[in-house]
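Before any questions on binding or motion, here is one chain by itself as structure tokens, the form predicted alone.
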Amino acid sequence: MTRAALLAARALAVGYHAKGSVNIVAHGMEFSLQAGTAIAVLGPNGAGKTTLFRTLLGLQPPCRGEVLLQSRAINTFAPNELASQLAYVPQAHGAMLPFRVQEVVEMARAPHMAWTALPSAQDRAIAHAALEQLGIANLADRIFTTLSGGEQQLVLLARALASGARCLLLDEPTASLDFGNRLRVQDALNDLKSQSYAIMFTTHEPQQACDLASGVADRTLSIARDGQAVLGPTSAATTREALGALYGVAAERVPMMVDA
């Protein structure tokens, strides 16, 4: 039996609406993202990956087609309702006020709280459980801005989990991370897949496309410089020939080596 899609795009084209005209950046997107699966979004800078995510998050309307969350049009969700079902994980870059890690994760509970309320004991417990789920509860009292890039990325992922959302969109989750931290993030994403989370993530650097997409994604959405999007098996999308054509450079796939 085919599992129902948590997030889906139907004949989707994304871009910008300005002064009565439409500027399409990427088009031809058709996918269904089910629980326990992951889709990588590959493409060079400027191909439309960020614009796609903004459209999937309901921050801007599609130019054509539609986005569905649990079979319902994305623009029919109230903001708080949407935030509790679809979570965005930005790149970790340290540009955040010096909050404790526990407080950063508790911020995800805002859609479940009254406007002026403070986190309840239950909210604090949910946030701490998210940190435990990713094996970083020991960081709870650390200041977020003092953490390594990999630790920050895992904290932002914990914040997404604390929202209660089962569908996660991650923007360049291993950008600027060293080899060890890329492995930590990859392992965390695979653990979440095994717990029936639905995951979509972007990457633009060819070697990280090889490593992260091949290590996590079941399918890959490749967006070329001309905006044409193609969904297919990750094994086909990350060959040397496919990556070379996508990024317009000679690409050599180097497998990630991990000691047994």
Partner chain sequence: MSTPPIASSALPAATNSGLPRVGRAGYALIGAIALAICLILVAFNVGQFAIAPRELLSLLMSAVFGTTVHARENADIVLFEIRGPRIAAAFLVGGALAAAGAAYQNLFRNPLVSPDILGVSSGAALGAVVGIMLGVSVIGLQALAFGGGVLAVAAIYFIGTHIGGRRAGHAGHDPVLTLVLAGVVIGSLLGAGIALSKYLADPTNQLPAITYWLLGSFASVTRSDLLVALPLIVIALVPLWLLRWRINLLTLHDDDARALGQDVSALRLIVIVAATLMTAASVAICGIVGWVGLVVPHAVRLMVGAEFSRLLPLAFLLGGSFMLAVDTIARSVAAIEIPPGVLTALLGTPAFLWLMSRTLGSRS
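Positions refer to the first chain, counted from 1. All figures in this text were calculated on a predicted structure; none of them were measured in a lab.
Here the subject shifts to the form predicted together with its partner chain, a form of this protein not shown in this document.
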Choose from 173-181, 186-194, 68-76, 126-134 the stretch whose residues reach within 4.5 Å of its partner chain in the model of the complex, heavy atoms counted. 173-181
Check residue 108 for me: does it contact its partner chain in the model of the complex (non-hydrogen atoms, 4.5 angstroms)? yes
Would you classify residue 80 as touching its partner chain in the model of the complex, given a 4.5 Å non-hydrogen atom cut-off? yes
Any of the heavy atoms of residue 90 lying within 4.5 Å of its partner chain in the model of the complex? yes
Contact of residue 54 with its partner chain in the model of the complex (heavy atom, 4.5 Å): yes
Is its partner chain in the model of the complex close enough to 32, 154 and 249 that every residue in that trio has a heavy atom within 4.5 angstroms of it? no
Taking heavy atoms and a 4.5 Å limit, what residues of 146-173 are near its partner chain in the model of the complex? 146, 147, 148, 149, 151, 152, 159
